[in-house]
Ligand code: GAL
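Just the one chain here, the form predicted alone, laid out as structure tokens.
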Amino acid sequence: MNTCFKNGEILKDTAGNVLHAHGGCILQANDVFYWYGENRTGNRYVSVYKSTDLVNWEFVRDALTTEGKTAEHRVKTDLRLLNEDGGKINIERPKVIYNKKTGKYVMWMHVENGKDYRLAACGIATADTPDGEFTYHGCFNPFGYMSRDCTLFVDDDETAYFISSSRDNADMHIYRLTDDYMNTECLISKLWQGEYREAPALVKHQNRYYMLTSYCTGWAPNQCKYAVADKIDGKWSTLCNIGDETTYRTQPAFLLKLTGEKEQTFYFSDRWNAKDYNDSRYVVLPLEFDRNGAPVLNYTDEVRF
């Protein structure tokens, strides 16, 4: 590919409509990229777009809405897609991974009740195809813990992990998932106690694990930090600054690693507009690594894939 993504502009799909995919992720299936993300317009929760070049995005469907299908999977999950007052709940940070054993596309997300942020739960949904309607399997608190901003990561051996902010965002938790990716099997790490990190994004580079997170400042951008580990369930380093003091006015959404002739990693982020959420923009930057293996994030007005 040799395509150009221009940062900070209003991003529109191929039909000319504003693209709504905030806090989401990109999943590659064969030669097609699928971008899932938050869509807070109308009755929508999560929308999905597809592309072959990471620049031109075609709207596929609303993957999850207030009228979405529901199906119980585990006991004592809340299957409601509207709150008790009939209003929308909050669906944030939707991430999708593919399970080779079950053939299912599995979405994890942060769920709140639409009125306050006291629920602090994670939700699960599944689909048979990357462009299909997802069935919602409800929300819960993993091992009784709070769960807010989150991400998913699948390792080389197909073991999957769910990472989320806990204890009112004071700590970051890493959970190993069950083989079907539908439940948390165990809590393997409680990281950076009292550091108040959110918006986790994880990538593996040359057999080391790199996690980027932001500080908790609401809609205002802040200093992104990274940490490194040789094993995902091992000891993680202390937090180190990356980018400038506002991370170029962005917050991490996810890290996309492209393999081929040359391995490349890209930082996908949101440039939030606190006064008008639907006018929030996207910024994509190359995540590079210096000779010592430290990640480097520099700003550029446009990026080529």
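Quick caveat, the model's predicted, so the values are computed rather than measured. Residue numbers here begin at 1 and follow the sequence given.
Not on display, but discussed next: the form predicted together with the ligand.
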As a check of understanding, the residue in D171, D78, E92, E133 with any heavy atom within 4.5 Å of the ligand in the model of the complex should be identified as E92
If you check G194, G218, G103, G86 against the ligand in the model of the complex, which one has a heavy atom within 4.5 Å? G218
Interface segment, criterion being heavy atoms within 4.5 Å of the ligand in the model of the complex, picked from 137-145, 92-100, 225-233, 154-162: 92-100
Does the ligand come within 4.5 Å of a heavy atom in each of F5, T247 and D301 in the model of the complex? no
Given that the ligand is not shown alongside this chain, does Q251 nevertheless sit within 4.5 Å of it in the model of the complex, heavy atom to heavy atom? yes
In the model of the complex, which residues of 104-142 put a heavy atom within 4.5 Å of the ligand? Y117
